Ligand SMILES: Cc1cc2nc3c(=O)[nH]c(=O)nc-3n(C[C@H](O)[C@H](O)[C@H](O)COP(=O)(O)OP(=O)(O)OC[C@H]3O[C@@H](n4cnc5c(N)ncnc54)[C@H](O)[C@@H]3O)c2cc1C
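Only one chain is shown below, in structure tokens, and it's the form predicted on its own.
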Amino acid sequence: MLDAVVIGAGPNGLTAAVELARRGMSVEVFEARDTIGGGARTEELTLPGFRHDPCSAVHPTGIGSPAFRALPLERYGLEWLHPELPMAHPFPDGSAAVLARSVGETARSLGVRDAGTYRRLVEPFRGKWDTLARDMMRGVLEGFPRDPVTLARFGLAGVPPVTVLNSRFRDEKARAVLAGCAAHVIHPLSGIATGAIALTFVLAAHAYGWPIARGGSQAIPDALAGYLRDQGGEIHTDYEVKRLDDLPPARAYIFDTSPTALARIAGLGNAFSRYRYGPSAFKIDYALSGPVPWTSEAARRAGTVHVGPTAADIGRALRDVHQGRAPERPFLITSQPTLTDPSRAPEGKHTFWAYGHAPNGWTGNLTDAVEAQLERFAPGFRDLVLARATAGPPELAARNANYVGGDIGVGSFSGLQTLLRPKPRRIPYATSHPAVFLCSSATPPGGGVHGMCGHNAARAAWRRIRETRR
């Protein structure tokens, strides 16, 4: 009998497998697709020689993840590359606010009236990312926080909506930066804990930056898989699991799937019938003949560019998708990886992606709205397009079964589910079946390529395995 079987070879599933295998447990991973990666893949989506990341591409919580930092992933080919600026947020007049590694540079870009306020906001957390990240992202089995005072300060600042955080600032640039960071969870800015999302992205930038993986995001699961195999673990691809009987006997089954998929496969009936999925993304991957012609000089140096421009504009676009309609002027999150990693495209050419937001399951086409928004801040952009690959909610769900209705966060960031996902339980990774666990982004700490959901779920499963071994 195996100690553990993991269903799904995304970053969380592979991290869970690694955490158990490195402790001497027998582990096998089963992946439905013919390649591993989940939300961290790299593929030629447009033209030969142009390597794109279909989903996650920039990894601010990956490089600083307690799970990843405890593993020797660099030995298995993972190399982080840093753009000159982690993020730029341009405005129509050609200026921009920036999120730089330096607190001072970031503060100066926000303007004289808000520079001091920004410094005071981040000062209590400077130099404390490693401990704070562990305390924020830990599972309930991890024990008492290492730094409860800093964690409490973070909670006081972050649990209220980002609109409350933004009330500290007098001008638009700081508000836009924080609103854009909070919008990564695709929820109205008035939502609880959206301040924490914004603050997490800001602090991550100052601690470790917003890097990309050399060669593409696929390098992350590939490194995890290489380490897992060296620890004796096995990975089976092109193996779709429809019920537990399809798997070899094991002491624990750990699912890197959506909660509803777990319930179906494990025969748990309506265990997650109240779990809610959120809005989707509409993503476009581009092959370009040259770099994006941003009017903002800072945007031409940044790995990530947020296109809003104002907090009010961002809030309006988010409200639209939550009310079931596609925004006329979507808020865009864009990435230009070939500025930092030219190996992803033929010489002199570039890859670029942008996504806006759309209602869950929406079947329309947002391409014109996305490109009209890009043209506002990068006139002549369309003239550089050699090819594009679009993916709305149906295509995103087809690429990754965890993205129900195109929800790349694997669950709505709203209400009680914001803090207690997938459902209120003392151990959120456990289920009503004593041998079945969930480790996907539907569990704490949520979305992102950081492996912490898998890390925490493995600890929960570890207790079960030790008990049954006895």
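Note that residue numbering begins at 1 and tracks the sequence as displayed. Small disclaimer: the values here were computed from a predicted structure and weren't measured.
A second form of this protein, the form predicted together with the named molecule, is not displayed here; the remarks below concern that form.
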* **Any non-hydrogen atom of S109 within 4.5 angstroms of the named molecule in the predicted bound form** => no
* Asked: Counting only non-hydrogen atoms and a 4.5 angstroms cut-off, does G64 reach the named molecule in the predicted bound form?
  -> no
* Find out whether any non-hydrogen atom of Y355 is located within 4.5 angstroms of the named molecule in the predicted bound form, and reply yes or no. => yes
* Heavy atom to heavy atom, is L420 within 4.5 Å of the named molecule in the predicted bound form? -> no
* Structure fact -> Interface check vs the named molecule in the predicted bound form: of A100, I265, L199, A345, the one with a heavy atom inside 4.5 Å is I265
* Asked: So which of Y403, F437, F413, F50 gets a non-hydrogen atom within 4.5 Å of the named molecule in the predicted bound form?
  -> Y403
* Pick from 69 to 77, 361 to 369, 148 to 156, 394 to 402: which stretch has a heavy atom within 4.5 Å of the named molecule in the predicted bound form? -> 394 to 402
* Taking only heavy atoms into account, state which residues of 36 to 56 are within 4.5 Å of the named molecule in the predicted bound form, ordered by sequence. => G37, G38, G39, A40, R41, P54, C55, S56
